[in-house]
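Have a look below at one chain only, the form predicted alone, in structure tokens format.
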Amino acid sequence: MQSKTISSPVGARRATFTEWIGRDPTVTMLCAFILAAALVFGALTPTRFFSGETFRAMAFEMPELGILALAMMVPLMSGGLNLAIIATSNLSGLVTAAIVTSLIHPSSSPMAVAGVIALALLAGMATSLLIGFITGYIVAFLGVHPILVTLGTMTAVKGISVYVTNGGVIGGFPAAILWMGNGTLLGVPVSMILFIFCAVVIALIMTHTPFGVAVRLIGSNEKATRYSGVATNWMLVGVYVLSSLLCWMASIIMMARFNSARAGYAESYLLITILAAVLGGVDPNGGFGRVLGLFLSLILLQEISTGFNLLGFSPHLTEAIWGATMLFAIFIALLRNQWSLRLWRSKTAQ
């Protein structure tokens, strides 16, 4: 047996690679697209795309979209949707900003500043958790479709934000907050570290905890999951609470990057978060999805966005291309499912 293993190492490697492909062909597709996009944009803008400044800008721009995409991914895996992620993030940021700007003065001591920042962050988190709980409760216990619930939540939350601020901006934050969106740690943007932390935590929750397993089962077949003894109603409430908690994290990065908070920030991200999730392998019908696929899809979308900017594309044309990319992502999802089914059939036939 030992001689067979040594005499055929290439065959053993091929079997392992095929098995890996069968588990998640999305990773292979996205890696190929990332490489192709880098080569195309690198050829069109050779001195600008492959530069330290471009990569640094991408690293600062991706985290806020990435955390919002995670906030969209969690309800999608349960078979739902959260259209209120942007509105939740903005209201949470406004609450945080209002407390910081009203209680911190030039004469405030460092200890007082730290206490106010902690209070403001907790208030912003409480705001997001309350929105998530109300949304999840209506979806789970009243049985209203998630699209209708989150559409209503989005409208109501945005209306509150606009009413309270008259559509204006709240800005002027201490350096400690600005550091979370613009600072670096060992050369890595702090916002990117926060995003990676959130991604790792969500990956562990959705893969290695009873809650994550229950969410996947609910997305695959909610009735069967309920009959098996899982408290599906409270699990769904947890889904939207977790999604809103991620919105709070995104609000911190956004207000730190812009040094302000406003009701209308990042509204164009809503479509892109859904696009990133679907392109990253999240089943729109629920039940399946991996954070790794979402992370790779975000890299691809950031490459495309940066490449368009370097080429001087109009923002209006870019929006049209995002819509076309969404249709392309759906096509890729169908192709991926057929590929997985074919590999599964060939494996079971052997």
Partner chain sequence: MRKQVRLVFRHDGQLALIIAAMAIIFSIVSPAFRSTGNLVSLLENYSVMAIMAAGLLVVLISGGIDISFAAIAAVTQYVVALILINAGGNWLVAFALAAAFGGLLGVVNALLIYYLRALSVIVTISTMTCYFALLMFVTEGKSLFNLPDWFTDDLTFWSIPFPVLVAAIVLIITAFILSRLSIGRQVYGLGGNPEAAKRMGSNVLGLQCFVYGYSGLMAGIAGLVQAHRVEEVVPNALIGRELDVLAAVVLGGASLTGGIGSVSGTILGIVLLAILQNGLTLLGVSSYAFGFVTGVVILLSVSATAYTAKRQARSSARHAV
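Everything numeric here is computed off the predicted structure, so don't read it as measured data. Numbering follows the first chain given and starts at 1.
The protein also exists as the form predicted in complex with its partner chain; that form is not presented, and the subsequent description refers to it.
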Open item on the list: Please tell me which of Leu122, Met111, Leu185, Leu148 lies within 4.5 Å of its partner chain in the model of the complex, judged by heavy atoms.
Closed with: Leu148
Open item on the list: Only one of Leu271, Val190, Ala176, Ala126 gets a heavy atom within 4.5 Å of its partner chain in the model of the complex. Which one?
Closed with: Leu271
Task: Contact at Val169, Phe295 and Ser305 by its partner chain in the model of the complex, all three, heavy atom at most 4.5 Å - done: no
Task: Contact test in the model of the complex: Pro46 vs its partner chain, heavy atoms, 4.5 Å - done: no
- [ ] Report yes if any heavy atom of Gly323 sits within 4.5 Å of a heavy atom of its partner chain in the model of the complex; otherwise report no.
- [x] yes
Open item on the list: Against its partner chain in the model of the complex, would Ala156 count as a contact residue? Criterion: heavy atoms within 4.5 Å.
Closed with: yes
- [ ] Give a yes/no on whether Gly42 approaches its partner chain to within 4.5 Å in the model of the complex, heavy atoms considered.
- [x] no
Open item on the list: Quick check for you: of 98-106, 236-244, 176-184, 161-169, which stretch puts a non-hydrogen atom within 4.5 Å of its partner chain in the model of the complex?
Closed with: 161-169
Open item on the list: If you apply a 4.5 angstroms heavy atom cut-off, which residues in 300-325 are near its partner chain in the model of the complex?
Closed with: Phe313, Ser314, His316, Leu317, Glu319, Ala320, Gly323, Ala324
- [ ] Just say closer or farther for the C-alpha distance from Phe60 to His316 in the model of the complex, relative to the shown form; it changes by 3 Å or more.
- [x] closer
